[in-house]
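As structure tokens, one chain now follows by itself in the form predicted on its own.
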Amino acid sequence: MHKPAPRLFKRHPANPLLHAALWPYPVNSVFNAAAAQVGDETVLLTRVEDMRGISHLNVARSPDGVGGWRIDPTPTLMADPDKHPEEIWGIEDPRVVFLEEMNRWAVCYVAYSRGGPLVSLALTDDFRTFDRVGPITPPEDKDAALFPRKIGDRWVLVHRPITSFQGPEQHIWISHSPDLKHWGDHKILLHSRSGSWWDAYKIGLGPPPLETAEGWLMMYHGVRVTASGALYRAGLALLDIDDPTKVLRRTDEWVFAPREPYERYGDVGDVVFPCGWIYDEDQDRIRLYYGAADTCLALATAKMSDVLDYILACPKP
């Protein structure tokens, strides 16, 4: 008999944490944030959509990751189409990792070019100033993050190219680079499923892969198109620690899905879209920051031990 997944991720009662009404300047929506623990502060690099429909990135800082947010009074990172024409229609959906080898934070984000969305990379020391590396994939490509360290002698990127070759199905890919600029050895890492599965239409990376004792923990969003539109939900996969092209486990069921009004109603309804998480090892706790209905930002938490127990009990692909 089928055993349903446990409710691993629990919503914080303060949700939604961040929304347009809290912003220090007029905006349409605040959602899809990268997350980082910088000293004693939680830093969220949020996607902010302005009244034109074009997005930029802005930083919100909190002493506990829940309240007391200090929001940069002006945009932290704006699109710069004069110097970077690939950013003509804005920058979106960042993911952040700390690269110990470089002692810097790496930000993968979507640059919306005339040729379609692509993945760009920037580096920062302080989330105040950013050095753009520039595009690292051609269009159309999205949902990208680096692993926080080299595997062997190469950097590794997870991303989601967009193609109509096999119909609407879109899969998660993995690529490698010696220098963070030139990428190759491209492979499909995880296929979207077919038929009536919750992740049958397209899948894409959520937060950056998280290193654990059991392997690289990966959360991904899955999309199913229904008669009333698309449903965005989240599942998990576990990758081999030494060779992340090998998928060890994958959840059959989603582990997080739209349920609350702020997730079901907004600019794009029925969406939970995680882009950042922080692991508090001393507390055995994951803090998952996610965009809700493309309108606001929210928080859910889980015990890492529970998550690993669950993913290890899931089927091998």
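All residue numbers are counted from 1 along the displayed sequence. No experiment lies behind these values; they were computed from the predicted model shown.
As for the form predicted in complex with a small molecule, it is not shown, yet the points below apply to it.
- Look at 270 to 278, 60 to 68, 248 to 256, 37 to 45: in the predicted complex, residues with non-hydrogen atoms within 4.5 angstroms of the small molecule sit in 270 to 278.
- Residue contact check for Y109: none of its heavy atoms lie within 4.5 Å of the small molecule in the predicted complex.
- In the predicted complex, the small molecule lies farther than 4.5 Å from every heavy atom of R233.
- In the predicted complex, H176 stays away from the small molecule, with no heavy atom inside 4.5 Å.
- Looking at D93, you'd find a heavy atom of it within 4.5 angstroms of the small molecule in the predicted complex.
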